[in-house]
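Form predicted alone, single chain, as structure tokens, below.
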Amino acid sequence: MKFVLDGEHLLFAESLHKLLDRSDTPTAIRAWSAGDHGPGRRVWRSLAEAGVFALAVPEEHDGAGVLPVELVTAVHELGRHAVPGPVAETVAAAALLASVGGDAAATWLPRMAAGEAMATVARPYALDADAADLVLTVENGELHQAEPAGEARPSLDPARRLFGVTAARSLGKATESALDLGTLACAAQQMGVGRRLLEVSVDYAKTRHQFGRPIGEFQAVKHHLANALVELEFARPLVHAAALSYGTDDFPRDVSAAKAAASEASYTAARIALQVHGAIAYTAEYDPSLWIRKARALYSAWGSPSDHKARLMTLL
């Protein structure tokens, strides 16, 4: 089976790409890292106006319905531009609230679809709990509203601020598929991060000269870039397959396959970006470093490749 996005998906992705290109996400990322959420929240509001967050919200709560393929398409672009904030966590929170229903869903889901509320889920730490309007945690199969506890924990990505949480009131029984939707969103985000790192590495290899030639003419550099492309292209259909299997018994298996492959592909792209760019890629002032750090942090977020490979073996 060949997984190819149709014309509407491609047009949607291109419109988000142009929107985020105008949004200056590197500035928003650096502000977010310093604790200033204003620029990042403005980016989130513009994405909500484009309908991104409504893709994870049922129609009865003012959403577009849960549309996994469209959601994966959108989150890929968010990863490609390294949009700060709890992207996968908000997707998971929407799915969790929809699964428990009741007053919590009626209160929060319309606000999330409209971009008026940002949510996060502890896994086991809550990403950006200091910026989120709603913090959730799952304990013993129960969904709880929670509160941040203590100071932010260090992360490989300064724009990812992690907090412990304390569970407060129970909202109802949580479903595993809701958490799997968050995992799928993380995989799509990783694919976008990896794609951006490959793009900037190819561009750099065309312009950086060594021994009077662009370094992209050297076979060793070509091989590295080709390896990154191959890994990303092999992971992409797994992510799309998982989106297509949403709502079926195969969804948990396909999500784990997608997350394992996306983690390894984006990490390979980050490692090769470092090798191609050299020491400049380590500097905080150089924009690609923002994506490199995010790729490493997302590698183990929502389960590492070894975690998901072990799960795959169990499910198979």
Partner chain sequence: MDLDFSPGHDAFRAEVRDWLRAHVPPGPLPSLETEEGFAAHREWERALGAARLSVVSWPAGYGGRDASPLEWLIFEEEYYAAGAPGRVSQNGINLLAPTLFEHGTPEQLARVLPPMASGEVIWAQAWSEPGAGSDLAALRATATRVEGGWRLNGQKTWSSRAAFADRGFGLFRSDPESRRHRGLTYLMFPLDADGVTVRPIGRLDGRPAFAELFLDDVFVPDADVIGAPDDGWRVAMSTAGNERGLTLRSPGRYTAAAGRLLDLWRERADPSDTALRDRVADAWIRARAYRLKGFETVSRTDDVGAESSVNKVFWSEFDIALHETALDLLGADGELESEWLEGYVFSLAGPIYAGTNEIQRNVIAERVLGLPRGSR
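Values in this document were obtained by computation on a predicted structure and should not be read as measured data. Residue numbers count along the first chain shown, from 1.
What comes next is about the form predicted in complex with its partner chain, which is not displayed.
Its partner chain in the model of the complex is approached by N227, whose closest heavy atom lies within 4.5 angstroms of it. At a distance threshold of 4.5 angstroms between non-hydrogen atoms, E264 is in contact with its partner chain in the model of the complex. Among residues of the shown chain, R80 is not one whose heavy atoms approach its partner chain to within 4.5 Å in the model of the complex. Using a 4.5 angstroms threshold between heavy atoms, V202 counts as touching its partner chain in the model of the complex. With the partner removed from view, the residue among V43, L55, A281, A257 that has a non-hydrogen atom within 4.5 Å of its partner chain in the model of the complex turns out to be A257. Out of the listed residues P158, G172, P110, P214, P214 is the one that sits within 4.5 Å of its partner chain in the model of the complex by at least one heavy atom. Residues with any non-hydrogen atom within 4.5 angstroms of its partner chain in the model of the complex fall in just one of 142 to 150, 173 to 181, 204 to 212, 126 to 134: 204 to 212. The partner is not shown here, but in the model of the complex the stretch 287 to 316 reaches within 4.5 angstroms of its partner chain through a heavy atom at S306, K309, A310, L312, M313, L316.
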